[in-house]
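Take a look at this single chain in structure tokens; it is the form predicted alone.
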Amino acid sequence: MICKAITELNEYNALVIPVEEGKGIVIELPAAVNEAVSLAAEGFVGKKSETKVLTMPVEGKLVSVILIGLGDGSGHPKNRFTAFAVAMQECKKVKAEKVTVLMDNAPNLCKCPNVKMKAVEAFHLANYSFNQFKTHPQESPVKEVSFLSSDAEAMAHAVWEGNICAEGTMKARDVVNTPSMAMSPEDLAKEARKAGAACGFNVRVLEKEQILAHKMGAFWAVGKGSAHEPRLIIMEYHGADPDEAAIALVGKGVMYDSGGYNLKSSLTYLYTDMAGGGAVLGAMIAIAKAKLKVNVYGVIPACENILSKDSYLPGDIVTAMNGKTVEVDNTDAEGRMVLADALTYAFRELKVAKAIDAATLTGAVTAALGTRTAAFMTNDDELRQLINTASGHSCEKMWELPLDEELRPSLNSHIADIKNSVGSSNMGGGSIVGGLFLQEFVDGKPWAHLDIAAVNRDLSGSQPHSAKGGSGFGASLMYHIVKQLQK
């Protein structure tokens, strides 16, 4: 689907008009659609995601007028993003091929560049479908969406940036939605290489010998039970002076998570456990395409946590890259194991100044925050501010959990430096404890942890911007975090 900015009304099958609550129609309309819009606007208030659709003949062809309520501007910016996604769903229902969005009818809300950009993203993401394994895929009728605005320069930039961010998120969705049979650690490395060649970042991949040479014992322990050997995927984007400090985006890449010998009770959709890695890949695509003036490394420890004769066992003690010994209390607490070595690698080998990891780390985060908000933890005030600001820009809701040191003793081991799980503890705080474990591997450097386990996929299809399957959550967020680091 093509999204573009226009300065004059062009050919359309559907006319989308965003309406601020209580404001009604405030722009001059083409005479041909005056009657249709007037009829549709009767009784329309413009509350958030309120819709009104009227299809009628206009100059010899059927045209659908779609009014979409943006609300009064209160609440999380996701409210406006969701409204535009709802508009796209309505466009698909009326089978419109060419859609025009009259952005000037919401002058107060749409004066914000981020609202314009997220409107573009919303139309792309609401139109997304994953058809790789369908013999007869159902194609969307919408082929083109044009955004008409009197502020042509700002709208053109918003379309450009919205297209880029949507591409990154949709790439994250694609790799997350691809089952393990077609998305092994090696396959993900190939995807990264293809993306790097297309978008302008370098990719190198560490295999077994190099992983072991770097003494990444925690990462290797998780992946050694699979016939598909682990890969450490390192993406390098240099958009600033070589002397400028870099940031690392580290994404959990567990391509399939059976739980190992602590076998999960349900094994469906566990190929989506690499959503953090997918989000990092998507973010790197957007960062490179936007040519952000920042130095960034994307690091994905990719492996499979498979039950086999070679798998690591509960009770094993492994030595992580930073030299700490880890008692394996639970083989299903594997995400923190692979991230531990990846974070150490980023700080010690890549010499980054700060790092953010993204991972489907804990089921406990769903109990804490539900399925619409991700958790984050950080040891750094600047990263806290960057994440909170980026959450508003990306329309991906975040909530900070504390790195509560009073819970840290639950990770103590009587035979190793630390345990990887606290299944026998009654102290609770499972998501926080996961963050506390990771904090042991960042050498005291600025770091943040994003737990996206509750938001990485939507199997209900209940959100208008996200089809069933992987959500791509985090790709846009990390792009906006990095964007703020430009000097």
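Note that the structure is predicted; figures quoted are calculated from it, not measured. The first residue of the sequence shown is number 1, and the count goes up from there.
Absent from the display: the form predicted in complex with a small molecule. The rest refers to it.
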item: Contact residue in the predicted complex, chosen from Lys264, Lys143, Lys111, His76 - any heavy atom within 4.5 Å of the small molecule; value: Lys264
item: Listed residue (Glu304, Glu121, Glu396, Glu334) with a non-hydrogen atom within 4.5 angstroms of the small molecule in the predicted complex; value: Glu334
item: Interface membership of Thr362, the small molecule in the predicted complex, 4.5 Å heavy atom rule; value: yes
item: Arg457 within 4.5 Å of the small molecule in the predicted complex, heavy atoms; value: yes
item: 4.5 angstroms heavy atom contact with the small molecule in the predicted complex for Glu327; value: no
item: Distance check, Ser421 to the small molecule in the predicted complex, heavy atom within 4.5 Å; value: yes
item: Listed range touching the small molecule, judged in the predicted complex by heavy atoms within 4.5 Å, from 161-169, 353-361, 182-190, 402-410; value: 353-361
